[in-house]
Structures are given as structure tokens and as C-alpha cells.
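Next up: just one chain, as C-alpha cells, the form predicted alone.
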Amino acid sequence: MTEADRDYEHYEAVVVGAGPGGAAAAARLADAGVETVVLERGVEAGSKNVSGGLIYAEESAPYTIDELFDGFRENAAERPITEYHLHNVSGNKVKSFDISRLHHHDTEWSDAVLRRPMDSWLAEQVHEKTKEVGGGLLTDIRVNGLLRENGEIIGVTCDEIDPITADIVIAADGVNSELARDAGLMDWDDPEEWFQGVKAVVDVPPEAINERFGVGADEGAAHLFSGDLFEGVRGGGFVYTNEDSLSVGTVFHLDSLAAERAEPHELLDALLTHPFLAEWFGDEYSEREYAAKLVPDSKKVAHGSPHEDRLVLVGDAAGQMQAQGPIIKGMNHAVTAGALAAEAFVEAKNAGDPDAAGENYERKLRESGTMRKLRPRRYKAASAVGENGVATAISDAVLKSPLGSLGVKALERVGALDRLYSSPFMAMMVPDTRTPYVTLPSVIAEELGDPVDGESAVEPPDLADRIGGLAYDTDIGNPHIELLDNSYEASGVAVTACPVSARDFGGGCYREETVKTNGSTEQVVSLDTQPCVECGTCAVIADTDWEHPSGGKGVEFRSG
């Protein structure tokens, strides 16, 4: 034991973050008798977390969450997802495909979840397990960095408590992981590597969900949307059925969102108010919560070697979020990674070489097939050919021509479109261009879709009301974001890309202002962290110094 180990409280394992990845790691460690402490930044596990969201149990995965936690599906999930549909939209015309075959591929089950109730239930189980081995779960603790000795990572530092040393540190602290950045394993340099998700949770009674979606009490449906709904931004929308609510949201490539200067809340409203969705909401629209988060694009950022010294990364902190066409999986990969990280440490410890845990973990990610799912070789080959301006311009031009229209109709006559949309092989090859997200769906809907009669009566809350409906505990005098360059050239895109900001709106995080200095006029950006939802968008697209608020401070999601 080193001098630092003697000076600070020591645990065999420290897990940072009590989401599904952290919970899986802590449970697996505790089951093996490893003294484990879990540190959670929120007032309760899940209060800082947002997901679409569906959680999967894959047949090929070495771990599933229901295997690690008895009673998970009965106590922590919303509805089993038994139907899966993809809708291509062009104006008021919609062409739908049943892609349940793709959804069921390699799937034991899939459930809709809300993160606050799910994560808080997991945390109860984790606390009981870790208490039995001399640890436990602590909330309201922000881990702000890595503790080092002689340049090597030996533990963590926190805002609220003294540093803690450990034989292994498992960073499950999400997409905005300060530990991953501190170790130099992840960065926020390129908007092309990230998605931004924005979501509304909408109240709908259980019996109304059953009737309007044509499902039973123990069934649910998932619906995806693409086409011309979203101002040409690459991405799409979703609707998932919960027990007594709907999760309705949008997910867009961050670079496209920024380039188009599109405003996330308006793109969400375009989905909410489309007449195709009107019958699902009924006569009274009641929005329970508005939320947002960044999502890593695993095809580009899933770390092949997510460890350094005693630190290992799991889940979003390691870029382990699979978003490939209609395949959107993240929480299940976090569960697998967390359990594999714990397994790697236990094996290394039992072999008398705990420092080998990181290498063991990397090997297990590879040998389990997890990395092949996160970074599919087919995508790498397809993107090398198709992800460039020339290829996109040519493919879009052909699709929009009479030849493209004829081709789409011909594919439909022989049933090829159904097969393509339901193919796991093709899903792994979808390029990140306008063509599959905007152009092709629009052409399909225009040529093959049925018109939707009527208009939507949905009136979503305005941005001010959405912000006002969120719960905050502001860390007065200690802002977690510093705007380093307030010029419009450096940071102006945050005004539109931030989910709680907008042009000509004075109540969000970022605002445009015109100031006069020494007789000249300059357009600048101002910042107010009060309404921040801590998504991290501005850390990628603006010139900021971004960190999490202190433990228990900032936004608190009730649904997530």
C-alpha cells in the first residue's frame, strides 16, 4: 500500500455513477465479495439521467440486467416492446414499415424505461449488495477528478468529501464523463462524434395507450420517424409506450443540428404536432417533463482500449452507445461493459495482479463481441465510400429524379424495401449522410405514402414553460460553465443548438446580444446556467470550460 493509500479512505473498488452500467459493475463486484463504494452525483440515482429509452436483453450478450437483478422487469421497467415500426414522412404523407423482425433480432426482450424510477430501483439493490461487503452507495457526491501518485491513477477526488483511493476505479459517469477527459481517454473536439437527444414525457392513461396503439396491458410499441419533418437535419424521431405515458423525442447528429442552426425544441414540436400522432395523444395534451442529453456515436468514439492505470470506462463514458439506422442501443451495452469490467477485476485480483484489470477488460469487450457491435466493420467500409459530399450529392440527385421515383416503386413491388429496413446487415451499413435520414425517406413517403387527413390539436408548452416545469437547485456563486469566448463566431451556434435556448428568447442558457464598445457594434453571446439541463451540447460546439455542478445541485429529472 502506498503512502497515499494510507492517507485517504481506501476501498477495493470505487464505482462512479449509479446508472445501469455502474449498477451492473457494483452488483457483480459485490457478489464476488469485493469491497465497493458507489458515488452518485444526483440527489437520487436517476435524477441526472435521461434516456429515450428502451433497454434490451440481447441473446448474444454475456450479461443482461435481469440476470444481475432479480425482479428488474417487474419492478423497474415500463412496458415490454412487442411492436416496432418505422414511418417515412413527406409533408402529410406517411409510408410505414413493420420492422419488428429487426427489433427481435438477437433480442431476448426489450422494455421501455424511464430513468428516474429505473435507476432509483437499481440503486436500492446496489446499496444492499455493497453494504454487505463493507461499502455502500453515496448520493450528492460529485467526483471531480482523478487522484494520482507519481503520475499514476490511484483513486478519485470529490467536491464534497475527501479523496478516495481504490484498487480499481470504474467510471460509469455518463456521456459528460469528467474522469474520461481527465485521463485523456475521451474528448469533446468533434461535433460529428455526437448525437443530441431531446424528449418530452407525455401523460396518457394506460387504457388509452392500449386502445390507441392496439396493444395489450402487458405489451408496448416503438415508433421511429424520418423524412422531411426536421428541417433537413440528419436524424429522426421516436415514440415509445410507457405504463401511463409516452416518451416522444428526437435524436440528431450534433454537427448537422449546429450547421442548420435548427432549434431542438422546435424540431421536437414538429414531431409532436404532426397529424399522424394526433390520435395517440387524445383531446388533452399534458407534458410531464422536458429533457435532453448528448449521446456518443459508438461507430466513431467507442474506445477500443477504455482504461488507464486503475481506471476503466463503461457505458457512455466509453462511447458505448450503438446508434445505427433504426438500431438504438446503449443501456444494455453499459450493463455488459460494467459487468465485464467487474469480472476483469475479480479475475485479476484472484490472480494476484489487480493492475491487470484494464487489459483483461479490453480483451473481454473484444472477445464477447461487444466491440464488433459498437464499431461494425461493415459501417467502416461503407462510410469510406459513401460519407463524402460528392457521393451524397449524386445519391440525393438520383433519388429526387424520375429515375429515383421509379426505383422506389419497383423496390416496393417486389417487397425489397421491407426486407432492407428489416435487415440487421443493412442497418450496420447506414452512412451518416442526408440520404438515409432525409432524402430517401422523403422520396419513399412521397411516392408510396398515404395522406394523413386532418390537423393536430396538440399545443406543446412553449420553451419558457418547459424550463419552468423543471426542478433546479442552483449552486449560487459557483457556475459549472464558463464561456471562454463570447464572440458570436466562436459560441453563437449554442444559441440555437442548446435545448433550452433559442433565438429571440431571453430565458435560456445562451442569448445573442448586440453591444456597443468604443463606438463600434459587436454581436456577442451571454450565458446563464440557471436553466441548464446539463446535456453538454455547448461543451462541444462553443468555446466553454464545462464541468458538472456540485453534488445534488443543478437540474433534477423526475422521469428521465
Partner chain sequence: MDTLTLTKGVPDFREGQVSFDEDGHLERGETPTVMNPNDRFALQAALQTKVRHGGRTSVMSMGPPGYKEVLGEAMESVYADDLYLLSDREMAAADTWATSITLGTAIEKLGLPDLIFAGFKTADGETGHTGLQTCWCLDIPIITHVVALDIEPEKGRVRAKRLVEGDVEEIETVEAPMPAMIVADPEFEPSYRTAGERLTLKDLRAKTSKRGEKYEEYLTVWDHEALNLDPDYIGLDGSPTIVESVDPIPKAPAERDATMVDPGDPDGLEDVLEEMEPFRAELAAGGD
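Just so it is clear, the model here is predicted, and its values are computed rather than measured. Residue numbers count along the first chain shown, from 1.
Only in words, not in the display: the form predicted in complex with its partner chain, which the text now covers.
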### Query
Which among 204 to 212, 134 to 142, 185 to 193, 439 to 447 is in contact with its partner chain in the model of the complex, heavy atoms within 4.5 angstroms?
134 to 142
### Query
Heavy atom to heavy atom, is Val452 within 4.5 Å of its partner chain in the model of the complex?
no
### Query
Given that the partner is absent here, does Glu160 sit within 4.5 Å of its partner chain in the model of the complex, heavy atoms only?
yes
### Task
Decide whether Glu547 counts as a contact residue for its partner chain in the model of the complex under a heavy atom distance cut-off of 4.5 Å.
no
### Query
So, in the model of the complex, is Val34 in contact with its partner chain at a 4.5 angstroms heavy atom limit?
no
### Single option in Leu294, Val458, Ile164, Leu483 placed near its partner chain in the model of the complex, where near means a heavy atom within 4.5 Å
Ile164
### Query
Which residue among His103, Arg466, His127, His303 has a heavy atom within 4.5 angstroms of its partner chain in the model of the complex?
His127
### Query
Though the partner is not shown here, which residues of 7 to 24 have a heavy atom within 4.5 Å of its partner chain in the model of the complex?
Glu9, Tyr11
